[in-house]
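What follows is one chain in structure tokens, specifically the form predicted on its own.
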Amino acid sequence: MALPCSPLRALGLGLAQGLAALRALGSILVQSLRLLLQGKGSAAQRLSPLVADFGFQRQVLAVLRVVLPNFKSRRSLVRAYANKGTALVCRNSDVREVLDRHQDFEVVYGPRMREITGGANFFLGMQDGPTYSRDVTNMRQAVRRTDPQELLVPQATGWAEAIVGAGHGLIDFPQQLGAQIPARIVQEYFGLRGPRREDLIEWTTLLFWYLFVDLAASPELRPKAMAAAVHLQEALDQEIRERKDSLTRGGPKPADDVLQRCLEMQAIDTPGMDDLGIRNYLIGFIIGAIPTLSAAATQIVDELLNRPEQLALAQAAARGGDPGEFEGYVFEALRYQPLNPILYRRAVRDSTIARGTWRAMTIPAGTMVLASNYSAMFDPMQVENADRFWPGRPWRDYILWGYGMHTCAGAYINAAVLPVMLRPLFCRPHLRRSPGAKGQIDRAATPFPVHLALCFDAE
């Protein structure tokens, strides 16, 4: 939903954006020159830490929104999925337009999703159609909107309390809490109980990386991802087989989890709910569960640790009686460090965006469109107090888990679980980074936070 924008307000915002862009441009030049003059290695190596910094990215995007909000190139930056060039879209309204026009701008994950499942697509990689509608309907019955509050919030709260309590004032957040809770959700809620949590974390991280993050098509990653896919397929096949055998033998009453609900739908001949269909539905959800929740939670912690004043307020909110107050700090911190700062789509046909404006652009068929939801969430033309850390921000300002038809299928699970898995940690007094490099995010040559050592005063 756009904010009301009269011509006078638009003029004022435009001038303010222009001044902000000039300041940002000056800062970009100073920071870049400092690294080029002082760093070691090639220019790309010297600048890479700066380019990876979220604050630096916001400065660059602030400039682009003013001087070049939409642009295209014949150069293909994404190698993982077929395309004939690249377009970048930065303004809030234009990003939403691209993501809304799913008939003109398609999702591209299908080929790699089929590799992972061994043949079938998952609905996040499909265009609108009968199969998409069937699969979404099936999984809405198995993954219910009431589940986060009724099942996942109580479970995740207890798990987080136990993990933080056992830390005795020390915790490696991604290893001990960030990845462990979503792995337990995969086991207890989705129903994949056989594999060790450590294996689930490894497999899903590789598969999410391959499917969504490996835009350069790394030749080293593919064999690792394919091996992980086979492990996940075999684990799910075994789980399904054992559940059905147990039911046939009159075994104990099964747990009320997603797998069991799928098998109950199979028993009444629901289309799409054969064993292979169930396995592929679960693969799609499980891949997105562990790395997304773990990385998002770690980046939320990191952002609040960078803001001592907001950290103190977030900790006070965590100890208070209003869950919504603490949630405001969680999601606002994630706006500053989103899990996916760019959502990509491919133009199905020649399509014009921002029609009737000075930034109108026709995107040729086959072009990969990088829709910057990160930029959109900081666009002052449509986001109130865009540059202010505002825990009470309206939900309409956020594009944290996609937008439109292909919003993340587990978005409401993420929104419910993230605050409760973080609250016990933020309730501990004097939450801080461990000294030295251990207290900074270590991605260990992956796109995901692997280590972040924290300290707090034991109660």
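When you see a residue number, it is the position in the sequence shown, counting from 1. What you are looking at is a predicted structure, and each value in this text was computed from that prediction instead of being measured.
Not pictured, yet referred to below: the form predicted in complex with protoporphyrin IX containing FE (HEM).
The closest non-hydrogen atom of residue 62 lies beyond 4.5 Å of protoporphyrin IX containing FE (HEM) in the predicted bound form.
Shown alone here, residue 420 lies farther than 4.5 Å from protoporphyrin IX containing FE (HEM) in the predicted bound form, counting heavy atoms only. Within this chain, residue 83 is remote from the site of protoporphyrin IX containing FE (HEM) in the predicted bound form, having no heavy atom within 4.5 Å. Residue 413 belongs to the set of residues with a heavy atom inside 4.5 Å of protoporphyrin IX containing FE (HEM) in the predicted bound form.
Contact annotation for the candidate site: 336, 395 and 398 all lie away from protoporphyrin IX containing FE (HEM) in the predicted bound form (no heavy atom within 4.5 Å). Residue heavy atoms within 4.5 Å of protoporphyrin IX containing FE (HEM) in the predicted bound form occur in exactly one stretch of 403-411, 65-73, 386-394, 49-57, and that stretch is 403-411. This chain is drawn without protoporphyrin IX containing FE (HEM); in the predicted bound form, the residue among 353, 293, 183, 87 with a heavy atom within 4.5 Å of it is 293. Proximity to protoporphyrin IX containing FE (HEM) in the predicted bound form, taken as a non-hydrogen atom within 4.5 angstroms, holds for one residue of 173, 378, 285, 203, which is 285.
Taking a 4.5 Å heavy atom cutoff to protoporphyrin IX containing FE (HEM) in the predicted bound form, the one contacting residue in 162-201 is 190.
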